[in-house]
Each structure stands twice: as C-alpha cells, then as structure tokens.
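Only one chain is shown below, in structure tokens, and it's the form predicted alone.
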Amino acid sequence: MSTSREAKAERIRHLLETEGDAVGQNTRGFNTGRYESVADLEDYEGLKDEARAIKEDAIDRLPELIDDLTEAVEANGGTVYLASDAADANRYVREVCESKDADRVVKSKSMTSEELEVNDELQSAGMDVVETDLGEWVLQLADEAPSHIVAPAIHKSREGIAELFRETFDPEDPPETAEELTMFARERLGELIADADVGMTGANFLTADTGTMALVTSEGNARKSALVPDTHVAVAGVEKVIPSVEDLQPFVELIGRSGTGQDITSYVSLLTPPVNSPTVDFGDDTPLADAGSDDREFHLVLVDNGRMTMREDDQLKETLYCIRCSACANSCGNFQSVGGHAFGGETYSGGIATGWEAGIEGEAVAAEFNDLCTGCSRCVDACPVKIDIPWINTVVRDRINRGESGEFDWLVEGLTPDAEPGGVDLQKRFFGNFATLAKLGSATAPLSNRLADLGPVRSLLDRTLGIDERRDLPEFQRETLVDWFRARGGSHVPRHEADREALLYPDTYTNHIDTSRGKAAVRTLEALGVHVTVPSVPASGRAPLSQGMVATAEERAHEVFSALAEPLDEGRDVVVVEPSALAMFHREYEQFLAPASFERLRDNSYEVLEYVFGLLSNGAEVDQLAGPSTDRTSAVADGGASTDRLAYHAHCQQRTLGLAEHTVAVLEAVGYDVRTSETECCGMAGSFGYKSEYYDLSMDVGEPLREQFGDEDGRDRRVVASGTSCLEQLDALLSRDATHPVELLVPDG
C-alpha cells in the first residue's frame, strides 16, 4: 500500500476505534427516529416538494429577496450588513462588539459562525467568547472541532464528558449521569449568559417580508443568547432567506423529523428583532414589566463567502437548498462509522459537505473526504428538500480528477478506453474501466484468474492500485452470459407463444462473472411465459461514474440507449439483474440523455424480481417457479442451512428506488420465510470495499449486517442478496455462500 493510502487507512482505523461506537449509536438512532417520525405525516413527499419549490424560488430570486429583507429589518430598527467573505464578516462583528465595549460574547450554535471562525477573531481582540449549546460548549472546553452539523459532540461518550468536566472544573461533587452533566452545564452557562454584553446567534431561516428569523434548537440557549444581552448579532448565509413567514411551515414540519427524528424540536423561536421584550439586568430589582426595551440593538450579518458564485454554478447551486438537518449524514453508512472528523471538511460534514466545502473552501478541501461518498443514494430519499447529493459528490469528484495532472499524462491520454484526460488517479482509472478489464478477463480465463491470485501479483496490485489483498477477486467466466444464450439457440419460448417479450440486460458482472444469476433469470422468465433475448449491450457506465469519470459515463449512457432504442420501439421490456445498473437507467441517465429518451428507458426497465412480481400480479402461475420444496440450489447451501428460511439483504440503490419489497413478496409467494436486513448499506459499494485505504471502514459498515444475520434467528438461514457488491460483502462478513434471489426460483428442467 502506498504511503498516502496507508496514512488514510490509519486515520480511519483510529476514528473507528476512538469515535466510531458513539457516532454509530447516535446517528443510527437519529435515522431510525426519522423513519418513525415521517411515517406519521399524511403527505411527507408533498411537504418535501413544497419545501423544495420554496428553496428553488428563493435562490432564483435571491438578490431581490435580500433587498426585501434588508428593507424589512431596517424598518424594524435593525441593521443589515452583507459580508463578501469571512474576513469581512468577522471585521464587522468585531467592530460591533468593540463599540459595545464587550468583555463577553455568548453564542448559540451556528455552523456559519464556525465557517467564519469568528471566535478566533473576537478572542484575538481580547473578548471572552462562550458557546452556549451544550455540545459546542463541551467541544470548546475540549478544544475539538464538531463532528456533526446538528449534534457537534456526537463522537463523545457520557463518560468522556464527565472526565472532561472533572479535569476542567474539579467540582466537589463530580457529575456522572446525563442529567447531572446537563444540570452542571446549565448552571455554569446560565451565569455566563447573565453577564454577557453581546449575544450571537445563527438563523435557520430569514423571511424577507417581515425580517423574521426562525431559530430551531433543542436547548433554548439561542433565545437566551438573543434576548438576555442588549445587543444581538445574527450571522447567516444568504441562502437562509425565504420569501415569507408563511413559507416557514413545511420547514418547521420537516427539519426536526429529518435531523433527529423528533416530530418537532424543543424550541422553535420566531423573532423579529430588535425584539420589544424588556432588557434584562440581573443586578437590578426592577420588575421586568417596568423595564424598557429602548436599548436593544440588532445586527444581521448576511454572509456571501462564495455562495453567490455557487448560485451561478449549475451543479453546485442545489447545495444552497440545504437546510442543514443532517439527514444525509445520519443515513450514510460510512458516516455512521467514522463521523464528521473523517467525512467532512473545514466546517461541514456528511454527504452535502462536498458541495459546501467545494463552494466555500475550494475543491482541494472537498478532495480530502469526497471519496467517502460511495453514491449508494440512501441520502436521496432522506433529504427533505430532495437534493441529489450523490450527483453533487460525483461532479466534484470529476472536477478534482480534472484538476490533477502528472508528468506522464501524455502516456495515458488517448490510449485508455475512457473519455477522461490525463491526471485521473490510476486507481480510479482502473476501476472506472472495469468493463474493459472484464472483457479481457473472460477472453483469457481461466489463465487470467490464476494469474490474478498469485501472491506476487496481489502484492503488486496492492502497491500500485491499492487493491486490498484481503479481498477475494472476482472470477471471470470464459463463456459469457451472452455467449451462453447464443449457444443455447436463444429463447426457449417462441415469440408467437409468449405472453411478453423482454430483453435481459447483460450488465458487466452478470455477463462476465456471475453468469449463473443471468442464466437463472432467463429460465425463470421463460417459465412465466416470457420470450427473452440477451444481446450484447455496452456497460451501463456505473463503474466510471462511481470514480467521478463523468464524460465516460455519459458516453456509455448514449451507447446503451442506442443499443436499446430498437427493442424499446418493438415494445420489449428491459429487465436488469444488477440494481446499480438499473439505478443508472432510472436516475443518473437523466443527466445524460434527452428527456424523452430517459423517460422511455426508465419507464420500460425493471429489476428482475420486480418484473417477476409484475408477471405474477398479472396472471402468471406461481407454481411455475421453484420454491423451498423444489429448490435445486439447496445442495450448495452452507453448513446445512435451512432451505425454507432466508436472510435477505436488499441493495442500497434498490431500496432508494423502492423495489426491495417486490423481492420479498415473490420469495414469500413461493413459500420462503424471509427475514430482511435492517442495514441499509452493506459497506462494499462496488469498488470502494476493494480499496486498501477503505477496507477496514467497509467491513465496519457491514458489521451490523453480520450481527443480524449471525444471531440466533439468522445463523441457520440461507443468505440471499440482490446486488453484486452485497453478495461479495456477505461472503466476507459471514463466511457463508450468498445467493441472488432469482437463483432460488428456477424451476426444474
């Protein structure tokens, strides 16, 4: 392994060991809570559409809305300052505090202020800056950076916080329980807030019509920071502006549910500052009712810092729709294992962080963690404003690839089977061109397989390409699925006798490596009266896309559609075994094909068990399929595993497309007892799990799956999975053979 890969692997192993348990427990809890909370909404998707439309409109009209907001705030008696960058914003905030002779500034949690590093600016001017959010305060005491945009100290355990308080304060009666720790912090922070001269907050939303700011918190500290000191400074990115107070409704419904799984957060504060509540003097006995509010001062600092440039960038613009709920982080398998100290940049963490960091800090910062997004797409459904986060990560990866150049690029350009320029990392180029490698591997099998397994070759692959030696390599088949189908004389169901006609798409793995599942798919469909064809069709482009090789993926998309256009014209259905290939047809091809072409392919392509489900629902006889009593594959079941009890893991992209249920329904229809996995991503993610720098992370992400399928109810079940990567990972995690579900359905003969 190269030095840089070893250093990255070591960093990941350290975080897995020191922070992984706490991060995993909390993020998985948030994610489970999100599912439960949104299930109570009558129209969750409708709310998301509404929120998305408001943000699209707001970003499109942003200059106009900023003018409206400025007018409203100034009419209320406040001041608006539009800061061009972090230095400009910090200077303005410092000057406001200095004008108030501030000794102490109290802050509520604000990612924008983290982005600005305003604490450093104020502390260098001699001010005492106190974070009042419990998590942020803990990190301030520990001198650590946030690891999560909503729960910044998510990586710290209760025991660790108790030890930190003992070391810092040496209390007579050290707090130990969560309640004791919270009360200890509350008392300390209450005293610090009471003596503060200036209060700083962020803003979750700002309404242009009235100058109202919405603060969504769990602790109420934002209210105290805004209202106890006489001077209130709010710092917010320009993207926080929305048109009206009425537009807050879908966001208030969604933000707590999406972030922490709460139906509504503990405090939703709507302030139209400067507020007219009485000023507070804790040393004065005058009743609040008799106090005045004339001394209140409010400054709103709207921060650009790259956002207006992002607004003009067709690919990064969507990032500005983000409401910072953290759903993309909580639903991400890799984030659940290592948290934001690995999966994050200077300020932002999680899936959407790539967009923020690339836009604000630059692509070099995003490059540090961008590869941790595997494109599994689980964040797509989780995002309350429907941001295509995997696509943003892919585009930035492509830009990072193109930004690198080497002295030997001239040796590469024009000589590789892809459409990329020189400079693409050799490991990425290798995995991005896997379809070409598979053709070569099949053409030279079994020699290719024997050579690849030799110790010196594996060592060389590790050193040069970063392919981890602990992974089994795929075994290429000499006879491809297309060759087999041609040799058997085509479909065994004559066209004139068929109920339907289908083209089975030979994705790279099904055609060159796991041909048995392709053959099983052909036989299963034929048993249900389908005339099947298996022509040679180019690879889907999933492999290059996952490496950020967008031009190559686009080239493949056009090649695939050209090959499938005529069968589609003839009314044939396109059936796909590999879910990641189907996801290309249903999602990513929208970026590459003309709208009508994309919709034709999307609307007429099906995952194989989804297609079987459709056939059975429309009159096909289920007894034409094999079930537990006729399962011919049981002879190879590992360790005497039960033949009628299955442990099934759906592919992550299959889940995003809403297709996992069809497989379960078909397997149950033929008589199997199916237990489904509770883990959304197995951690393999195509080439990701093969890369030596990510092997340990990949295995850790799969650990919950190993635990579930290895427990008392799971250990005697046969393991079934729909995705190629999932099958590889399950083999590694469980040391049990895993099978594609269609192989259980092949009737005798």
Partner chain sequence: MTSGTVATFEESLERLEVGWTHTDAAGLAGTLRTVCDDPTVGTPLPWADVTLPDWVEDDPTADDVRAAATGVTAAGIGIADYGSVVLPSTDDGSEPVSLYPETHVPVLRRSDLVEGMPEAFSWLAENVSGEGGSAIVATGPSATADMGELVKGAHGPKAVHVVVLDDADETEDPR
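Numbering follows the first chain given and starts at 1. Note that the structure is predicted; figures quoted are calculated from it, not measured.
The next section is about a form of this same protein that is not shown, the form predicted in complex with its partner chain.
Peer 1: In the model of the complex, which of the stretches 121-129, 512-520, 251-259, 497-505 has residues with heavy atoms within 4.5 Å of its partner chain?
Peer 2: Single hit among the candidates: 251-259.
Peer 1: Please identify the residue among 246, 312, 678, 566 with any heavy atom within 4.5 Å of its partner chain in the model of the complex.
Peer 2: Going through each option in turn, the one that passes is 246.
Peer 1: Find the only residue in 308, 473, 665, 268 having a heavy atom within 4.5 Å of its partner chain in the model of the complex.
Peer 2: Checking each option against its partner chain in the model of the complex, the one that comes within 4.5 Å is 268.
Peer 1: Quick one: in the model of the complex, does every one of 545, 555 and 594 get a heavy atom within 4.5 Å of its partner chain?
Peer 2: Per the other structure, none of 545, 555 and 594 touch its partner chain.
Peer 1: How about residue 671 - does it come within 4.5 Å of its partner chain in the model of the complex, if we only consider non-hydrogen atoms?
Peer 2: No, residue 671 is distant from the partner.
Peer 1: Hey, in the model of the complex, does residue 79 get a heavy atom within 4.5 angstroms of its partner chain?
Peer 2: No - in the model of the complex, heavy atoms of residue 79 and its partner chain never come within 4.5 Å of each other.
Peer 1: Check whether residue 378 has any heavy atom within 4.5 Å of a heavy atom of its partner chain in the model of the complex, and answer yes or no.
Peer 2: No, residue 378 is distant from the partner.
Peer 1: Contact between residue 182 and its partner chain in the model of the complex at 4.5 Å, heavy atoms?
Peer 2: Answer yes; at least one heavy atom of residue 182 falls within 4.5 Å of its partner chain in the model of the complex.
Peer 1: Using a 4.5 Å cut-off on any heavy atom, which residues of 254-281 would contact its partner chain in the model of the complex?
Peer 2: 257, 263, 264, 265, 266, 267, 268, 269, 270, 271, 272, 275, 276, 277, 278, 280, 281, in sequence order.
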